[in-house]
Structures are given as structure tokens and as C-alpha cells.
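This document starts with one chain, in the form predicted on its own, laid out as C-alpha cells.
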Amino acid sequence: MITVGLLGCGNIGRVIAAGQENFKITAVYDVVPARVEEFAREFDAKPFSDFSAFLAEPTDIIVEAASVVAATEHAQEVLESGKDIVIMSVGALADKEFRAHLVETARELKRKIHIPSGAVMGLDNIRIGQISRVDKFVLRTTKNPKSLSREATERTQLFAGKAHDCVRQYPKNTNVAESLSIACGRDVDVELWMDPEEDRNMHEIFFEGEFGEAYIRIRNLPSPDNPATSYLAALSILTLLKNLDNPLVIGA
């Protein structure tokens, strides 16, 4: 049984906890004491409001399901404690210097940094961009204006450019772009649209190169208890955890 330390007791954490089978969440940490206490009671885990004490608890892996700020603040410390980490808030790795330092630490300490597929599909074969010519690599994201805290009466483009620039201008819409860029080994070209007729978060991936061409469209349903979170993103972490000890490895 894999033991998990969960960093973040929000909606994604609850999806993971509800799906425990071959793993057990034994320790939980959150900056909100009342939230971590309630979560710990509900899912029979040990609550922590002190991060050092949380890390000292014996667990096999730490899952970050909190925020870019939390991932940036704690990922290095997790690796240095001798534990692998799952990073949900991949936008933290948009800082290339931070990412390089984190990867080097993991290499030196023989630890792993796991990046789940999140709100998209196809990251496994997007990785051929690391070894093969890529001619076109575009992410087109379309959201309802309300999810972007804006108003619009017609489909409107908000951004067109490289992923690293989109990260700076729209920091809350970085995880998918950053995951794709890391997988491919090059910045994805990003288009961000708002459309009052679209009731879901839609991601379209256009990928062409010497292998051929691919088009992937994902229209995400929100998590049941939090409209701001993609249910697919939460499920992707759950799937990753369920397969950590599986000797049959698919697409990795």
C-alpha cells in the first residue's frame, strides 16, 4: 500500500481521497487549519498545519494539489526530504530557472517529479517533439467569459503568442500550456479565446511534424464541487497514483 502525503485539502484533494484503493492518504497539510482538520477527520488521515512536521511524517510520496504558490514554495523541500512529488500546479514550472534547479535536485537525490496529464490528453506522444521535428504546435483554449472574470457578447481572442508570455499575462491559465511545453521540449503557441456560447473549458491541440499530424479537442466538465476545477485534471492525478506500483507501464 502506497502512503501519500497530500498538500492541499481542496476539491482536487477530495477527488483523490474518495478514490483511494491501492494507496492511502496518511498525512494532510493545508494553510487553513479548519479545512485540514475537517478533511483529516473525514478521510482518516493525520492533519498538519506545520509543513516541516508534515514532511517528517513517513509517506512514500507527496501530492501537491494546492496552488502555484504552494508548489513553488514547497517542491524543493519535498525533494530534499527524500520523497518524490506529484505537481498538479504545473504553472510553477514556467519559471525555467526554478524548474531546472528542481530537476537537478531530483536527479542528484534520485527522486522523481511526476506531472499528471491534467486537463488535456495526449501528453505521452507529444513527447516525440523532444526527438523529432515539429512543424506546428498550437494550443487553442476557449472559455466562457465568466470563468475569466470578463464580459463578452461574441467570441473574442484575448491572447496569441508563446506559452511563457501567456503565463505572465494570464497566470491562472498556465497549467495546460506548461504541461504541453514540458512534454514537447519547446514552447507551445497559445491562443486564448472567450466565447459566451461555450459552457465548458475547451482545449484544442494542433500538432504536426515528421510523424504526421494530430488534432485533439477536449471539452472539460467542471468538478462536482468546484466549477473552477476541471474534473479530468483531478482524475488524472488519481490515475497516476493508482498506477505507481503497476509493473505494466503504458505511455510513459
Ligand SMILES: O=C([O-])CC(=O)C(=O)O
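Superpose the two forms; the largest set of C-alphas matching within 1.5 Å is the rigid core. Position 1 is the first residue in the sequence shown; the rest follow in order. Since the structure is predicted, the reported quantities are computational estimates derived from the model, not experimental observations.
Below: the form predicted together with the named molecule, not depicted.
Participant: What stretch, of 151-159, 172-180, 76-84, 103-111, brings heavy atoms to within 4.5 Å of the named molecule in the predicted bound form?
Facilitator: In the other structure, the partner sits against 172-180.
Participant: Going by a heavy atom distance of 4.5 Å, is residue 119 a contact of the named molecule in the predicted bound form?
Facilitator: It does: once the named molecule is placed as it appears in the predicted bound form, residue 119 has a heavy atom within 4.5 Å of it.
Participant: So, residue 201 and the named molecule: in the predicted bound form, are they within 4.5 Å at any heavy atom pair?
Facilitator: So residue 201 counts as contacting the named molecule.
Participant: Answer with yes or no whether residue 59 is in contact with the named molecule in the predicted bound form, where contact means some heavy atom within 4.5 Å.
Facilitator: Contact check for residue 59: no, nothing within 4.5 Å of the named molecule in the predicted bound form.
Participant: Any chance residue 26 has a heavy atom within 4.5 Å of the named molecule in the predicted bound form?
Facilitator: Residue 26: no, not in contact with the named molecule in the predicted bound form.
Participant: Check each residue of 78-102 against the named molecule in the predicted bound form and list those with a heavy atom within 4.5 Å, in sequence order.
Facilitator: The stretch 78-102, when checked against the named molecule in the predicted bound form, contributes no residue at the 4.5 Å heavy-atom cut-off.
Participant: Using a rigid core alignment, state whether the CA of residue 147 is displaced by 2 Å or more between this form and the one not shown.
Facilitator: Shift at residue 147: 2 Å or more after core fit.
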